[in-house]
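Only one chain is included here, represented as structure tokens and corresponding to the form predicted alone.
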């Protein structure tokens, strides 16, 4: 479903991705592991078009993104938008709108991006909040939610756009053990339901519990690819 082909990316003079090539299959849960600075989060952001790369190509469900251009034209902007609809992003620090309730955060993009009727968006948001165990907190503002609850709202918000894949950047790293367990439970349920996910994590236990594949990046290169137990060992 997602193909990364010989992608290179530099920040200033530092080579962050050094010719990365990897394929992700539909229905697969893959974890990106490895030392800090290895290129994991950058690769995830390149797949979603949040970071532009210098050479190579990324393909998401048949949509192709090439190297960055000084000024993206209308066609490239349309491709970026389409890719972001197909590959939903969940960030490490949640990224919720602080002035909106949990349910409003989940409803916002479907209404304004997909042009879904508000009553339909609300019904879908209620279903998703129930799915992540937060139907009772739908009217709470982000500041009234724990870290784990905020991350679960962020996952529900990404799912509200009906993406074909979910990209998660360190979704448990800022959480205490109890809150972390809440998020892992949600991700495990999504995996069992056949969701396609790419998960960046430093936590071996999370990779082993959720993923069926692990890819290790070091110094911008793929150095291992296999089952989580094989790669982490």
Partner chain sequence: MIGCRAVLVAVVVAIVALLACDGAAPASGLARVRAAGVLRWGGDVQGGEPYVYGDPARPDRLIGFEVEIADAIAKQLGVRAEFVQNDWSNLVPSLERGSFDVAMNGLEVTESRVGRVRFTRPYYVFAARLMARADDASILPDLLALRGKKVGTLANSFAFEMLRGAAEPVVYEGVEEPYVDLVHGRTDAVLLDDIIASRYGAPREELRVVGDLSEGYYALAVRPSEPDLAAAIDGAIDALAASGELRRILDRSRLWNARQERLVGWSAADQTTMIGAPPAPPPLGTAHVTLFLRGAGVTLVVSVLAMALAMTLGLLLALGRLYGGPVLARLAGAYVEVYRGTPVLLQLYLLYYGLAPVLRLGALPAAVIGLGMNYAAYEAEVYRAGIQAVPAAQLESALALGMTTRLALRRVVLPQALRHAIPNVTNDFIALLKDSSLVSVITVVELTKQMTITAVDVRSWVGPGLLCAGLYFAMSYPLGAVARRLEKKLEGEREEEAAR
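Computed from a prediction, not measured in an experiment: that's the story for all the values here. Numbering follows the first chain given and starts at 1.
There is another form of the same protein, the form predicted together with its partner chain; it is not shown, and what comes next is about it.
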Would residue 95 show up as a contact with its partner chain in the model of the complex if we use heavy atoms at 4.5 Å? yes
4.5 Å heavy atom contact, residue 89 and its partner chain in the model of the complex: yes
Does its partner chain get within 4.5 angstroms of any non-hydrogen atom of residue 180 in the model of the complex? no
If we define contact as a non-hydrogen atom of the residue within 4.5 angstroms of the partner, is residue 64 a contact of its partner chain in the model of the complex? no
Exactly one stretch in 55-63, 190-198, 22-30, 40-48 has heavy atoms within 4.5 Å of its partner chain in the model of the complex; which is it? 40-48
Looking at 116, 128, 85, 103, which has any heavy atom no more than 4.5 Å from its partner chain in the model of the complex? 85
In the model of the complex, which residues of 105-124 put a heavy atom within 4.5 Å of its partner chain? 108, 109, 112, 113
